[in-house]
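Given as structure tokens, the chain that follows is alone and in the form predicted on its own.
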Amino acid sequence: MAKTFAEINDKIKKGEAVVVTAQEIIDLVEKDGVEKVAKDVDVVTTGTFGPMCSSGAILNFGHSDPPVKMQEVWLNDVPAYAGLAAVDVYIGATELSKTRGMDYGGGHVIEDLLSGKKICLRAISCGTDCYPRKEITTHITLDSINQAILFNPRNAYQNYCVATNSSNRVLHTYMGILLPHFGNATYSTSGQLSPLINDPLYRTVGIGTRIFLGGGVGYVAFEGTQHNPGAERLDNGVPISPAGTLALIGDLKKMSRNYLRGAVFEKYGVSLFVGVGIPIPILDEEMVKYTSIKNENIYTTIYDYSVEKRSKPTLGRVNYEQLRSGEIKINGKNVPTASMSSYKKALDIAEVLKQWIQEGKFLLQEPIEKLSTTQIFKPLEIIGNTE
């Protein structure tokens, strides 16, 4: 018999809900079968922890005396976008310091705020009648400002590609350092723990879904940028390349540095490692089948990053069991693999979320609107004279 979100939440409130991680349900299904697990299990928790460049935070500083309309803003010399209002800014995770370059950026500002450190705020303005002040330099902390809202336009990619390099030179990319002549291959998905791989057709995850975000509670705000549900999928519903994405939002003040960390990618730039965990309600047997998927049945595509084109050559498909073994074959050559995301941290997130639900601290939120399954991903075409 099918369950509803309301029925599962009632069980959570009573302390009766059966919650397992996406790793634990695999053994349960092998032992008891899909039908019994669908009856016995109420929620499956997922997790991922990896670099998510399309992240950032909206900050409100409050008004100085005399007040200032901030038009250009720097936080620890990292530019923040000030075109929101007088004292609101958006600090992007990948923005670089004007003085330290690639050694420090927006992701580090966010981490430093979470660490309780003082951040140097510098702003300039042309001055107006109601905002006469023209410049300000001061220090802020996470406690001293009003709102600090983590808002990430694109997180939790539903699968991602494998990156490798056929050229004769080292490549520095957002997928890490790629060695020449297929010297290595990198990937960045937590496989069988990954949130949208456990709900491949977005049956339970949508706008309004309550999630674990950065160590606190967050929500799915909308489909993420570059949401591409039309990507090729196998019979199990899982895409074999980047597909769905989520825009996420939450209160930065209630998050933890354990699950939000600034990072430097050598000769590429700065990013932010983000921890995301999503509860998947077991509404019926189909959701059991989706959430009990194994790494060996999750495939992704290998791309040659040395080709400087939008559409890079594909070099075959591999599954996550092969990737996690530490070695795959490309063109007959044994190539070592490395993950850009942490499986250990992803499992930790799934376990923490499981505990929250078991303790009645975290209820499921049924989406107020489904994610698009028809959105078409459009490339940027260059039109006109570019010289």
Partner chain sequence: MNKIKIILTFPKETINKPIICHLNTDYKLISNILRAKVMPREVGKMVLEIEGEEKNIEEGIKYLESFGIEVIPVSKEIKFNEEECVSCGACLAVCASGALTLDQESYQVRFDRDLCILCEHCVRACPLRVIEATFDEIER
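Positions refer to the first chain, counted from 1. Because the structure is predicted, anything quoted here is derived from the model rather than measured.
The following text describes the form predicted together with its partner chain, which does not appear among the structures shown.
Contact check for Val29: every heavy atom lies farther than 4.5 Å from its partner chain in the predicted complex. By the criterion of a heavy atom within 4.5 Å, Asn60 is excluded from the residues contacting its partner chain in the predicted complex.
The closest heavy atom approach of Asn184 to its partner chain in the predicted complex falls within 4.5 Å.
In the predicted complex, none of the heavy atoms of Asn9 sits within 4.5 Å of a heavy atom of its partner chain. Only one of Cys53, Met340, Val68, Leu353 comes within 4.5 Å of its partner chain in the predicted complex through a heavy atom, and that residue is Met340. Only one of the listed residues (Glu266, Glu308, Glu135, Glu232) places a non-hydrogen atom within 4.5 angstroms of its partner chain in the predicted complex, and that residue is Glu266.
Looking at 278-286, 91-99, 176-184, 78-86, the stretch with residues near its partner chain in the predicted complex, meaning non-hydrogen atoms within 4.5 angstroms, turns out to be 176-184.
In the predicted complex, not one residue of 227-254 has a heavy atom within 4.5 Å of its partner chain.
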